[in-house]
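Starting off, we have a lone chain in the form predicted alone, written out as structure tokens.
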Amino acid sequence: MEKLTKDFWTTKYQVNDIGWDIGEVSTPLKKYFDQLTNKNLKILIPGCGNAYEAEYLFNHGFKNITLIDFSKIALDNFSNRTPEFPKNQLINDDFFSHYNTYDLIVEQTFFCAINPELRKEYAKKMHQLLNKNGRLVGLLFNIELNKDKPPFGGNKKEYITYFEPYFNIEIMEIANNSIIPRSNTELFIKLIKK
């Protein structure tokens, strides 16, 4: 398997090989965001890509958002669309080397982009980055995908083994409002830090 480095992801953006990018905030996340009332939540979006979720949140009054991505191009794309977003909240680095704490972490095609060997570490790192009662919310693919390159698939039974040691699983069910190409293939998750 090719190393999933900064160069790997930068090249994906350079050649516009970004099939995971749907060009807008996904419906399940939009619906979740719309019911949030605390605009002061400290939010992290790791592996944010073009960060349509952050753009939506920011435009709806959430200002305490941090974005992390390996690709500076992705962060620049977001910054160009949302120039008033604070530049010091854009981090061009490896998620696994990040240290801070958050109330909410948003998962949108990041989990499926990392090497599956890092999934246990992902769950542990998410736990470390969340405040007491913090939430990990988002979407995971519930289908077999690639074995040698992203996106990597999986299933609910597998995911539970990673998350159960660190989280109370409030929701991990098939999303009923995914975009049509992903219909019945995504799990909506809401996990609460133990």
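What you see is a predicted model, and the numbers here were worked out from it, not measured in a lab. Just count from 1 along the sequence shown to find any residue number.
There is another form of this protein, the form predicted in complex with a small molecule, and it is not shown here; the text below is about that form.
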{"query": "Listed range touching the small molecule, judged in the predicted complex by heavy atoms within 4.5 Å, from 41-49, 157-165, 124-132, 58-66", "finding": "41-49"}
{"query": "Three-residue site 144, 152 and 183 fully in contact with the small molecule in the predicted complex at 4.5 Å by heavy atom", "finding": "no"}
{"query": "Distance check, residue 21 to the small molecule in the predicted complex, heavy atom within 4.5 Å", "finding": "yes"}
{"query": "Heavy atom of residue 113 within 4.5 Å of the small molecule in the predicted complex", "finding": "yes"}
{"query": "4.5 Å heavy atom contact, residue 77 to the small molecule in the predicted complex", "finding": "no"}
{"query": "Non-hydrogen atom contact residue 95 with the small molecule in the predicted complex at 4.5 angstroms", "finding": "yes"}
